[in-house]
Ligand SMILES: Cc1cc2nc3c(=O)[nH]c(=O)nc-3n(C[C@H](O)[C@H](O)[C@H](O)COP(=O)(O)OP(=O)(O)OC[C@H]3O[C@@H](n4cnc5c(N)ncnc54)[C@H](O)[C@@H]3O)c2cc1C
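Before any questions on binding or motion, here is one chain by itself as structure tokens, the form predicted on its own.
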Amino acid sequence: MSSDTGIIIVGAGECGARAALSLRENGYRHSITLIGDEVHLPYERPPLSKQVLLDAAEPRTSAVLNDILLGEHAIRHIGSASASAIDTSAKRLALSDGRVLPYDKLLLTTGAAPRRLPDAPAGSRILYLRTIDDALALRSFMRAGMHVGVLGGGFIGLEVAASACSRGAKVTVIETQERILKRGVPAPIAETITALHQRNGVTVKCGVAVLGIEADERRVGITLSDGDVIPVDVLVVGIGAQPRTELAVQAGLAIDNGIAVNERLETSVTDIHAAGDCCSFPHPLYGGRRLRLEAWRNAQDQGILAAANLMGEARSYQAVPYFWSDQFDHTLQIAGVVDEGRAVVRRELGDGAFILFHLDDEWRLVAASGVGPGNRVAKDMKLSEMLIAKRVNPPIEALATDASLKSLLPRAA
């Protein structure tokens, strides 16, 4: 490896920042360049739909890397820049401002972008939530007297709805499918979350199509298939995200629901890895099924693993998929892949909290999903994650009762 080139990381979010830090912590001595298209230093995204919208005081970003850490670890951060092309044979990365940077190895952590509403009118009152600037723009509507419309009953939309309602705004959630959280969340948990929102004053409309949207500088009007026309002060669009693969496509990398990587996060081109929301990978817990995960935990874990493999290790990514969402006073947690399950066992935890255990055809625990107030489900969900990782076939009666989940873990040899 030459001394004047090193590792370039394209994408300065959670995954890229964690990879850069991990490289230094593991003893990497050559140059590290972290490229991001935002002016801000790398920051945490989960607070954008929660604390940033909820805090009474002027919010600040929760930095993953600040100037002090960048200096201490000799990490070069290039902000407000985008990578436009990769020359894989010459191992050079072109930036949109004309600069060309040589690299020894490249890590793509380009993330995902909000799916845009087709044919939507332009206007400052139709918003998406991905960046701190998006959150600050939305925050100005989070107050009494405002009517916030949310298109999409997924996690982002529902977290925004809960935050807006908690700040005193009137909120209407519009979901075209027959229920909220259709992707990856079982119906009983979706029903609990729906009831939670309704108790707090959110209007939830499911199974309706959007026939038209009109917007001006003051209002947005949404025409629905059930005949309703809903006027709102701001419309937040949360209809999913799509992996940012433009750079990978230009470079000729294999694409499969994101940048296709193997279990070591290597792409189809030598010395280029990818990690986080932008990539899909085979998961050994699910027979090599290719997954793409949009989750903070996955971004962090894959950034750390990619750093190790960029330094010559050959680790396989095996972490149990894990996701959580905070809405009002409730927490929803999911470990594993819910749709891998064929049977469901329910465990009641009191105070309305419960966990659903998802078992495959061989009665192996493949996922667990829980919801409840505060941290009511946290302990059992953590143990469930461990059981999934150990490929345990637990006794059904132990799952359905208050038997200790810890007692089901295999004893160390």
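Start at 1 and count along the sequence shown; that's the residue number. Keep in mind it's a predicted model, so treat the numbers as computed, not measured.
From this point on, the text means the form predicted in complex with the named molecule, which you will not see here.
Of the stretches 378-386, 22-30, 352-360, 35-43, only 35-43 has residues with a heavy atom within 4.5 Å of the named molecule in the predicted bound form.
Taking the partner from elsewhere, every residue among Gly11, Asp277 and Trp324 has a non-hydrogen atom within 4.5 angstroms of the named molecule in the predicted bound form. When contacts are judged by a 4.5 Å heavy atom cut-off, Glu175 does not count as touching the named molecule in the predicted bound form. In the predicted bound form, the named molecule lies farther than 4.5 Å from every heavy atom of Asp301. At the 4.5 Å threshold, heavy atoms of Ala112 reach the named molecule in the predicted bound form.
Heavy atoms of Leu365 never reach within 4.5 Å of the named molecule in the predicted bound form, leaving it off the interface. With the partner removed from view, the residue among Ala190, Val234, Leu129, Ile239 that has a non-hydrogen atom within 4.5 Å of the named molecule in the predicted bound form turns out to be Leu129.
Checking Ala120, Ala81, Met311, Leu136 against the named molecule in the predicted bound form, a heavy atom within 4.5 Å turns up for just one residue: Ala81. Interface residues of 148-178, taken as those with a heavy atom within 4.5 Å of the named molecule in the predicted bound form (partner not displayed): Ile156, Glu159, in sequence order.
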